[in-house]
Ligand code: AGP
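Given as structure tokens, the chain that follows is alone and in the form predicted on its own.
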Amino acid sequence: MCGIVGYIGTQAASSILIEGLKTLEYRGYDSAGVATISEGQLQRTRAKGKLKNLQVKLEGLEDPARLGIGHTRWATHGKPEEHNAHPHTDTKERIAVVQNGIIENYRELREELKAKGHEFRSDTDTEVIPHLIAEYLENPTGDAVLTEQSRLLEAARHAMTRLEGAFAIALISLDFPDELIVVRQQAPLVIGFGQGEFFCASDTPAIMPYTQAVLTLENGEIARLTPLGAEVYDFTGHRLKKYPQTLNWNPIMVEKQGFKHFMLKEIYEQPGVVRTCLETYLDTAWDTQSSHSPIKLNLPDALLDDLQHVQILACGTSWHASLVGKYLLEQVSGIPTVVQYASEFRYAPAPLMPHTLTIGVTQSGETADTLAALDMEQQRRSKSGNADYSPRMLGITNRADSSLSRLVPHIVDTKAGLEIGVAATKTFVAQLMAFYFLSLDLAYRRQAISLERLAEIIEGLRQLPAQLELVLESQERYVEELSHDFSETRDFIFIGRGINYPIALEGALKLKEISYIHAEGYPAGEMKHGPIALLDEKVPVVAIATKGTVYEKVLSNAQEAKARDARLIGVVPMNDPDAEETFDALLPVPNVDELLSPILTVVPLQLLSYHIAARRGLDVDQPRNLAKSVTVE
């Protein structure tokens, strides 16, 4: 969850660290800090709260250091106070460490080190790391090969073998002023290669302005960076041959480009995202006379043939996208599908079923619970000894270079581009597109629907980018005005049925995430079974009512809410007289095939959440207590 950045080279480290942390602040913003080494001194500056507080502390300080590490924190162990902010040091303050992750056995290590005279000053798990490294430097193990060039590396490597958990680490030492040590174990970390300089970061945007040559560390790897080069080893001390890759990203991708917030920019990027998905995965020349699938996912037949079940593992917004995926896979492809919270699946996995495709959905490709659940499922199926239960694993992610791509053999890249806003918007729509493509490909393979119906759906998909643009153009100003009515509202209810029930859940989540208003999503038909007791004139109800099999039912459910004095907001078809008669406020969308409606109905809910939060004066892009990439359990 936290953000790590490090630098060693010929430039002033401090400014590079701060600029890197700015791009990583989406990963956590409870506190921030930097540590640099220059002229025989280790300089450490930390601040509670957002990065700007650290910047204020650093103003006017001259720091010529060419080596340093920085950190922006999402608190796990210890409150978000300055004494818990990273970097942390050993007792003598000669080693500084930043970490993303959790050290699960820190309590026993802490007691062991305290018994040896180490003094602790924080409540964090991270602080055991510099103390443990200091202990190995002072008391090396018998099997260490402690040449002068590798003493810090060796001490760090031995310390890593004592740590349990998932972590990424960067560390520096006053006694080794030309070395930056970086470590990865179940948490993302990349190294950037420059001319006589090296960078490290939790995510590539932090180093994009300086280099496009990057090396992603794998689990169980430790690297020593000096101005002369980079050396990568495994935890047993064997040197590895690794080669950097070239990024195809541009720094302009992390700019707001005139929008007030990244979230609003990313909402407006959704038509382009859908176009990119269509261009990438849809065969534009396909028609009903073609002898091949219209979908180009490039997935092997062995992965998709003879499927009897699909299970999807996801968290948060990805879980909501997966619920839409379940509807599509069952109603279009005819395959029984279950959606599991990855965090729950890890500890209560479903019984093994034969011929099952397991799909992991994570926008970052680094979600700890999802990765762990996928890894567990892959192992237990591999060990079953029965070919019918062999693992068929697929990932859906926006980061094809992520840990997910190294864990599962097949990936659908959602092509959404970098998303900075913590509340997912365009990546959600991109995940929906991935499920449309997968379900249509499976439907074609299984002959689950007619070719004429398949062509009809595909033509509807082609119209979506223009229809999304219409929604954005027609509703932005009205939604902004409507949001004024809810700046003091404390509770919201969202309802939907069928394929739009997950959109009700997503609408409620967006509002909770960025406006801090309590909101709940329900299947519209379930309102009368309990939630209707919540309704009065102070609780607005947002109903998603699009033409299709459940349209009249949702209108009826909305009337039940109206009878309890609730203010009704309807995401409804354009120019629909029944909707105009039912709802107090309308958020109209083009009248499309019900199957495709989620791509459109989610956009007004994103805009509503955004404008309510902005109206309340909240930090839309960095809502409290949240982080973009959830890399801890």
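From 1 onward, residues are counted along the sequence shown. These numbers were taken from a predicted model, which means no experiment stands behind them.
Only in words, not in the display: the form predicted in complex with the ligand, which the text now covers.
This chain is drawn without the ligand; in the predicted bound form, the residue among H131, R184, K510, R73 with a heavy atom within 4.5 Å of it is K510. In terms of contact with the ligand in the predicted bound form, the residue from L225, A168, A424, A561 that brings a heavy atom within 4.5 Å is A424.
Comparing 401-409, 160-168, 310-318, 275-283 against the ligand in the predicted bound form, the single stretch with non-hydrogen atoms within 4.5 angstroms of it is 310-318. Looking at S364, you'd find a heavy atom of it within 4.5 angstroms of the ligand in the predicted bound form.
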